[in-house]
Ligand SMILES: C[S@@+](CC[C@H](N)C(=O)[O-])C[C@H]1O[C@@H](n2cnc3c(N)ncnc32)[C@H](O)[C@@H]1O
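We begin with a single chain expressed as structure tokens, specifically the form predicted on its own.
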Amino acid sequence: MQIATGQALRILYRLKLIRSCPPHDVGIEFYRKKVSWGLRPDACSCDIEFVEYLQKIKAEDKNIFHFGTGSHHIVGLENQKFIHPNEIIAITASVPEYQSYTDLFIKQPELAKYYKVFLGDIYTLTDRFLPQLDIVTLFHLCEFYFPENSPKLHHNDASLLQLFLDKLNVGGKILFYKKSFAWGDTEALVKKFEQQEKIKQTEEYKSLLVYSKI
């Protein structure tokens, strides 16, 4: 049934009868090649709320890692409006989303001055690759991990979360999205880290939960 449902969703996506879908519904290979998330506050408001949150706390000149860019790249575009823009590294697993970044870069090369996007699998990141960070968004934690791909990866969701906590500067923030497709799994993982006294919640902004490490 799950395979049949995935096949049906892939057909609907190709026919443009649905606008987006999570990777576990259609398979990671199809997602990487075909799926792209436009700016849809009704279906995924996390990036809009994150921009608002950065404006609210007047975050400038920070090192930010952003998980999931969307084809809209609103986080990078709005970041340019700060007097002292943040340095943002962002990752997407979607070829169409990365293509949208390259198209924007050709039209607005100044975008890449503070907003750098790369195409890849977040579970392949290492301590040596990442800089020290002030703010990390893990809005899509638990959405992209496939156990069968583990031989090709460095991390699962728990070790990925630990990696980013290790890279977080003193006073840094790590944000989660309560409306994520995988929020049930993410919430359980976050609670486990809370029980282990690794993190604590410090703020809540709309659908975003803000944590710091202990």
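Since the model is a prediction, treat every value here as computed from it, not as a measurement. Numbers for residues come from their place in the sequence shown, where the first is 1.
Although not depicted, the form predicted in complex with this ligand is the subject of the following passage.
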With the partner omitted here, the residue among Ile122, Val117, Cys142, Ile135 that in the predicted bound form has a heavy atom within 4.5 Å of this ligand is Ile122
Please state whether every one of the three residues Asp47, Thr69 and Ala93 places a non-hydrogen atom within 4.5 angstroms of this ligand in the predicted bound form. yes
Taking heavy atoms and a 4.5 Å cut-off, does Phe176 contact this ligand in the predicted bound form? no
Answer for Tyr31 alone: is it within 4.5 Å of this ligand in the predicted bound form, judged on heavy atom distances? yes
Residue contact check: Phe164 to this ligand in the predicted bound form, 4.5 Å heavy atom: no
Going by heavy atoms within 4.5 Å, which of 185 to 193, 55 to 63, 165 to 173, 38 to 46 lines up against this ligand in the predicted bound form? 38 to 46
